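First, one chain by itself: the form predicted on its own, in structure tokens.
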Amino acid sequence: MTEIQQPQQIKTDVLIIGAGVGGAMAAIHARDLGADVVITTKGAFGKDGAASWMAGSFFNAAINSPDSPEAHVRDVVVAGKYLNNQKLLHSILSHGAEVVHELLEWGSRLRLNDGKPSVGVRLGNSFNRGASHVRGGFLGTELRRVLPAQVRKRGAKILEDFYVTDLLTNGTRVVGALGIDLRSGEFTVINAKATMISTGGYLGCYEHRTGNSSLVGDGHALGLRAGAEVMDMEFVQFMPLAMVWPPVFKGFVLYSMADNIRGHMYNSKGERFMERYYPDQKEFVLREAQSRAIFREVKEGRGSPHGGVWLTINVMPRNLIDLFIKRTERGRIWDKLREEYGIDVHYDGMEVYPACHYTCGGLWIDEKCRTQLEGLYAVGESASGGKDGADRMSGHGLIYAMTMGIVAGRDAAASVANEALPEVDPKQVKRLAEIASEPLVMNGGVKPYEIKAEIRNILSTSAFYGRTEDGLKAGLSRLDVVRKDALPEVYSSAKGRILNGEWVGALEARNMADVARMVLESALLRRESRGLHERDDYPQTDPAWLKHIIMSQTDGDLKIRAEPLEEFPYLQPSEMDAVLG
């Protein structure tokens, strides 16, 4: 083992790990209360791989009477198959209108009607509450333009190209984090009174995904290793209409082609197969239903040459298609498809398949976004607390992240105002730095990309749709080989410490293995089908499984339990039965 130099140390009130929409909003509101804030990102601030910068056309917020946070909660609980934490939902969704007004104040170009926020009707909502960008599907780009500027304006310290390897603890209290300044290649200790995880989801643990491959559940693994509880990891959302061909467009979402212009889907036999599953609604069903139908068609041998099905809008008049292209402002994309790959949207079908889009599992949190570890918060996809239930309603990823950022940022700033800076254990820092440095020390072994590819294949095979006990156990067996044989041998062939992506990849592979284990174990324990979790061997939703699956880890030993829901303040079980019919 090479000698680890004494790390640089930064001291702050609030450390925020992850700089997407949730982290940015938390930094803004913590600074507004006077807290010193350090915010870290693996890339460039506002230009990193955060899924929120790629978000689509709208988010849901209860803005106008007679709509209310209570009504909003009830709609979300129905969509979540009644597994949601209703108190947490109310705590965060009650800030929905505040988010909209803040964004407008900061110069966001949201759609207005007579000078007031314009809200459209969205599937599953009792009221019109879909706030959108003036140009349609560019909301993530708009947030990327506005939020980082507000963080900088308030003077938060931003650490770019910074990879956090582990949380630092003092007993049951989190006292900051250890990370690598990738620009210098050196370790840095960030000593904080409060620490917040905002690293996004784990869609990068699947082969086909709609977001950046760097979204591997870093925060989930950081929390687990530090002793935090993680929950609901079995619920993974897939976007049904993500392109699988050509490769350069893989993961590009065509959902608006089915939702807005009524596209049709066909299998290799030329059948409009959605008629078989939903004779009346056909393609015009929830994303979850579309995904399952596509999965079945491909699994049963009726897929396209590249493992999907065909989505086409050629049943529409050409001038209507042109109007759609103009409205979505994606003409260059369709031009590239036609010119370089011979695919003309006016005539041809595009090959699509469900891609991992959003992950409901995350750290257990309370109504203030606090984990059970003192000083540790979590927001966005890194946090669960039961906010999503068994399925996330469309249009809620952004509003969750932004409102949770408000709640957590304010509470963290208030809680540390009169607190002393906790002590960091130098022995713990040294040990964690040595572990993180192992891939640089080894001169041979297994490459990070090999481990990542295997983990992605395991989850895409065993923890997709059609889960079974045999399949999940087979996935766990394969993962056990990865954990015991491959991970100890992972190494970086590049030995330079500055901007060494292979070194980071080796550390990400470790986190992916932790995430995959939690997903598989949770899916194995839940012996029912509910929302995003489908078991072929337990195809029915079982009222006895109105429970959260919660995990923790001690010395590498994963402990898992099922905990029943006990509080229903806004939608009672009797009302749930009525909704179910």
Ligand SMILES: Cc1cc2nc3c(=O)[nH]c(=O)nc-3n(C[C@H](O)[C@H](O)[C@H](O)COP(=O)(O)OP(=O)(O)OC[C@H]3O[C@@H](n4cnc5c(N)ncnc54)[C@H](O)[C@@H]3O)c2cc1C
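All residue numbers refer to positions in the sequence shown, first residue = 1. All values derive from a computational prediction rather than experimental measurement.
What comes next is about the form predicted in complex with this ligand, which does not appear here.
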I have G23, S52 and Y358 flagged as a candidate spot, so tell me whether each of them has a non-hydrogen atom within 4.5 Å of this ligand in the predicted bound form.
yes
Just to confirm the contact call: exactly one of 459-467, 495-503, 377-385, 306-314 touches this ligand in the predicted bound form at a 4.5 Å heavy atom cutoff, so which is it?
377-385
If you check in the predicted bound form, is W545 within 4.5 Å of this ligand, heavy atoms only?
no
Can you tell me if P69 lies within 4.5 angstroms of this ligand in the predicted bound form, counting non-hydrogen atoms only?
no
How about R129 - does it come within 4.5 Å of this ligand in the predicted bound form, if we only consider non-hydrogen atoms?
no
Wondering, does L215 line up within 4.5 Å of this ligand in the predicted bound form on heavy atoms?
yes
Heavy atom within 4.5 Å of this ligand in the predicted bound form, from candidates V352, L398, L89, A192, belongs to L398
Within 57-72, which residues have a heavy atom closer than or equal to 4.5 Å from this ligand in the predicted bound form?
S57, F58, F59
